[in-house]
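To begin, one chain is listed below as structure tokens, in the form predicted on its own.
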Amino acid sequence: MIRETKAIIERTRRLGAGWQRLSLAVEDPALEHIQPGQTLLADTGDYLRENWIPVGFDSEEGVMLIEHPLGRTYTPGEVINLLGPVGTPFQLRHGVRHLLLVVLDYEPTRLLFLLHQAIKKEMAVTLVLTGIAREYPISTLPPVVEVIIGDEPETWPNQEDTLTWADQVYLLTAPMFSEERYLPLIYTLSKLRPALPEGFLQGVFDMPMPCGTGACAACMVRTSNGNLPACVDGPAFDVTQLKFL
């Protein structure tokens, strides 16, 4: 259930050349249980609320961590009105030991909370960054993460090997390019594996979510089960069940 609450920005920190991390003290304790895949709708003074993506928690300071590309400047003590949690948590398949996270020419923030959760569960994690995703400051990531950099938006070194050993794959790209970037990977995987298990290949749709309840129909994703709102049934969908235009 979506709840309205307030948060105080306790701290801001610059990450590399183009990113910032906000430490939020959230008023509603229920949001301490927010899961990877879920987000918050923040009222930052614009016409529409902004999608804020948690990347984890700092248990020592008791704060939620949010990351953004540098843009608007936030100051400690600033109070932000929030709605959340929005969306369905990412689901890790039973028995996953090797998790592959692929970010194709897009900001990787949506997958970072999942990355940290997988490491805590002692999974081996490989993170692929292509295009503008290469600008993310990987020095802030845990050293146990294998990071692969691809110069081209849709490919990366040893692509077939990484797809073969993975027990589950999460893909992230700009929604407008999902068809041209996800379909080649489906084709490649179909050659490597005779049948893809349900939920093995997940595509993440990081779309504007003005209402967070599906009522406005602004974040619909076409699937074999009909048009589904990413803010309710997503943001992750089984890629093999998508119906591209």
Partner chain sequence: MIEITRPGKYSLMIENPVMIASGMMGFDPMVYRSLLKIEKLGAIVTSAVSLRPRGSARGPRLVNYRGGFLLHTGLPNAGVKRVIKKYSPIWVDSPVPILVHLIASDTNDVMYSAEALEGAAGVAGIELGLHDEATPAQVGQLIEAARKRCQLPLLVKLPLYHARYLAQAAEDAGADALVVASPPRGTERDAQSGRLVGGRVYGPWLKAQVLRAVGQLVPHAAIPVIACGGIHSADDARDYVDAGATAVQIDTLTWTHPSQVEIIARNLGGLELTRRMGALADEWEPGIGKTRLMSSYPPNLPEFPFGDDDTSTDP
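Bear in mind the structure is a predicted one, so any value in this text is a computation, not a measurement. Residue numbers count along the first chain shown, from 1.
Although it is not shown, the form predicted together with the partner chain is what the next lines describe.
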property: Residue contact check: residue 218 to the partner chain in the model of the complex, 4.5 Å heavy atom; result: yes
property: Partner proximity in the model of the complex: residue 181 to the partner chain, non-hydrogen atom cutoff 4.5 Å; result: no
property: Contact of residue 210 with the partner chain in the model of the complex (heavy atom, 4.5 Å); result: yes
property: Touches the partner chain in the model of the complex: residue 8 (any heavy atom, 4.5 Å); result: no
property: Joint contact, 48, 83 and 222 to the partner chain in the model of the complex, by non-hydrogen atom at 4.5 Å; result: yes
property: The single option of 136, 106, 170, 113 touching the partner chain in the model of the complex, heavy atom within 4.5 Å; result: 106
property: Options 39-47, 56-64, 183-191, 196-204; stretch whose heavy atom lies within 4.5 Å of the partner chain in the model of the complex; result: 39-47
property: Within 3-39, the residues that have a heavy atom no more than 4.5 Å from the partner chain in the model of the complex; result: 3, 4
